[in-house]
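So this first bit is one chain, no partners, the form predicted alone, shown in structure tokens.
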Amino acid sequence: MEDKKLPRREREKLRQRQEMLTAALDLFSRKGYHNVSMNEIAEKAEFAIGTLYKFFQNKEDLYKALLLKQCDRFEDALVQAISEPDDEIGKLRNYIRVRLERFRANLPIVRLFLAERRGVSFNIKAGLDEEIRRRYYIFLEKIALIFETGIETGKFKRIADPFSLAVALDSSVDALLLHWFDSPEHLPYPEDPDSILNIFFKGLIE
């Protein structure tokens, strides 16, 4: 059901919840999970602390909701990208293009993920990581299917199994983006999806 079809009271609740998540994302990405309190989130979102607790049981609950919402948005955009009526190369190009666009448009959530990757860990990560990992592997299977179809139709050579190719492509995109994020003065932003695809389809050997 679209938000506009919901009763006014429900639409207002959704709006308030989103404002709380937006405030939390800004604070978490700048200060880190441990350095942000529920009171600070409520103050930034301009809600009473009691109102914040009506939506989220505690900071861990809010954090989980924030990351899963971002995962939903990324996943929806990527699935749509590879569902376009293109050939296999076109689908992979669409996937990389959307990955690049979503990365640069969502730097606050990128900062949050990087903070965790670099050692900021806490108890809630176990269950959350499992859910994110499950979604990640489901999406990798979709990318692997593109490679498998390309192999079956003779467009790609079978130099490795399709899932390994999916992992290699996804990891390459991640590595380039994260290096750009860390050292933009050393690595230009990969604007063109073909600059990444060419590593796979043209290689280095003449």
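In this text, residue numbers run from 1 along the sequence as written. A quick note: this is a predicted structure, and the numbers were derived from the prediction, not measured.
Keep in mind that the form predicted together with the DNA is missing from the display, and what follows is about it.
A single residue from the set Leu165, Val173, Val36, Leu66 has any heavy atom within 4.5 angstroms of the DNA in the model of the complex; that residue is Val36. Contact with the DNA in the model of the complex, defined as a heavy atom within 4.5 Å, holds for exactly one of Ala160, Ala48, Leu178, Leu140, namely Ala48. From the list 37-45, 151-159, 165-173, 66-74, the contact stretch for the DNA in the model of the complex under a 4.5 Å heavy atom rule is 37-45.
For the three residues Gln80, Arg97 and Phe103, a heavy atom within 4.5 Å of the DNA turns up in the model of the complex in no case. Lys54 belongs to the set of residues with a heavy atom inside 4.5 Å of the DNA in the model of the complex. Interface membership of Gln16, defined by any non-hydrogen atom within 4.5 Å of the DNA in the model of the complex, is confirmed. Within 4.5 Å of any heavy atom of the DNA in the model of the complex lies no heavy atom of His186.
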